[in-house]
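Before any questions on how it binds or moves, here is one chain, the form predicted on its own, in structure tokens.
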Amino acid sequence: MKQDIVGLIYTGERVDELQELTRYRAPAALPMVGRYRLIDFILSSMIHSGIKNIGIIMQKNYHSLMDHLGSGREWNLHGKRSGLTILPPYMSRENVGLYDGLLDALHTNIGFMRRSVERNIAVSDSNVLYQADFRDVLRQHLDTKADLTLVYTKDRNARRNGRGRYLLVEDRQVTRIEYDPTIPHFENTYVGAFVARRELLIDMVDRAVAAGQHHFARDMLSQMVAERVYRVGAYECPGRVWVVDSVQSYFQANMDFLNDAFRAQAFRDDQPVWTKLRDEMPARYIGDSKVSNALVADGCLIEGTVENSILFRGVVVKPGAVIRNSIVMQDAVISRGAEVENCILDKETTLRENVRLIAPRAYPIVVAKGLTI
């Protein structure tokens, strides 16, 4: 089956619970698992699904994301017949580069959808990490003659009390939907991805905005499911799903990748996760360094102790320093005798000698970018 499908990734989720981590970057640009960004996972999934034309809807703080994506070369999206299209926010006196929601973002970027020639479109949020083959979603979408097919998961880790979108699915069809319930009644969590016929989606978005709607799920989807004019299908996403919407969920998602089984799910030999390259020396372990159950990226210099942690590129761990259950981002320096436990250190942070930063596992401390403590 020729891949007649265009991809669209919405990076506009405003996630206040990520605090300092997203003060200067979009959630899609969050560093993950030592050398990746959150967007790399969905972008690589789309490419492995045969999608060659991908648009990325930006929101505020998108500069680090633009820098990361560049021309799309690392994802092989820079050829004549393939392409990565960056869709920056539309700025005006009334609009400060923030969309009210996905529906607003789709309507603002409707020109991209109109210019695309593919018959179908796959749309996804970028703060959810999952492995779905959009070819399978499209196949089911066509088989069931659905107008729109939503991707959902039964993974309980994706559930949140008080927020999220939950589906009642009967015979691969969505019959009810609930939005931000105090306690979800339905076991299926919508992961923020769907497939539709491109021209139908353009028409639906136009009509919804004309009717004064702003939110894709709360307004448009709820109405579609309630009125049953359109057929809303449902595709179950296989495997684990990580929703990165708070400091705790970000911390846990990274820590889960220290587990072999989860790593094997996300990083398959036949479907690599691509990211921007940064040529570095391999990590060096010197003297009495001790490392156990850790992911250490290239360019690191380890002279101390690292346990159950993720170190990004270029991290320096001086003699006598101890890092446990922590995420240490690019180019951080942990000085002699310093101790870190259950912390997230953003890029270019420095811990002075003998500083101790120890937090409870349920509430990791976040040290903002460039700070010296």
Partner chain sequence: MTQKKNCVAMLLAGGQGSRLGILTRHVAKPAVPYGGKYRIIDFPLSNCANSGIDTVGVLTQYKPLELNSYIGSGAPWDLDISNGGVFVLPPYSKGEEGEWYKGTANAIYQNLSFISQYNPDYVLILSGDHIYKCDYAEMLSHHVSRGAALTVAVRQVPWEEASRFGLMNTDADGIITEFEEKPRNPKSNNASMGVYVFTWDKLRQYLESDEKNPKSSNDFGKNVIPAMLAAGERLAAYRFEGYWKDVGTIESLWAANMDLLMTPPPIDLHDRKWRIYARNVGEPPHYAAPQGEIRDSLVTEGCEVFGRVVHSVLSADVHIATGAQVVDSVVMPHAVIGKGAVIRRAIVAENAVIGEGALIGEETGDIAVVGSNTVVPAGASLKAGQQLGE
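Computed from a predicted model, the values in this text were never measured in an experiment. Positions refer to the first chain, counted from 1.
Quick note: we don't show the form predicted together with the partner chain, though the next part is all about it.
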* Structure fact -> Among 210, 226, 281, 200, just one has a heavy atom within 4.5 Å of the partner chain in the predicted complex, namely 281
* Structure fact -> Checked 27, 314, 31, 55 for heavy atoms within 4.5 Å of the partner chain in the predicted complex; positive is 314
* Asked: Of 228-236, 284-292, 114-122, 146-154, which is the one stretch near the partner chain in the predicted complex, taking non-hydrogen atoms within 4.5 angstroms as near?
  -> 284-292
* Asked: Just to confirm, residue 35 within 4.5 Å of the partner chain in the predicted complex by heavy atoms?
  -> yes
* Do residue 299 and the partner chain share at least one heavy atom pair within 4.5 Å in the predicted complex? -> yes
* Would you check, heavy atoms only and a 4.5 Å threshold, whether residue 79 touches the partner chain in the predicted complex? => no
* Report yes if any heavy atom of residue 274 sits within 4.5 Å of a heavy atom of the partner chain in the predicted complex; otherwise report no. => yes
* Kindly indicate whether 258, 263 and 331 are, all three, within 4.5 angstroms of the partner chain in the predicted complex, using heavy atoms. => yes
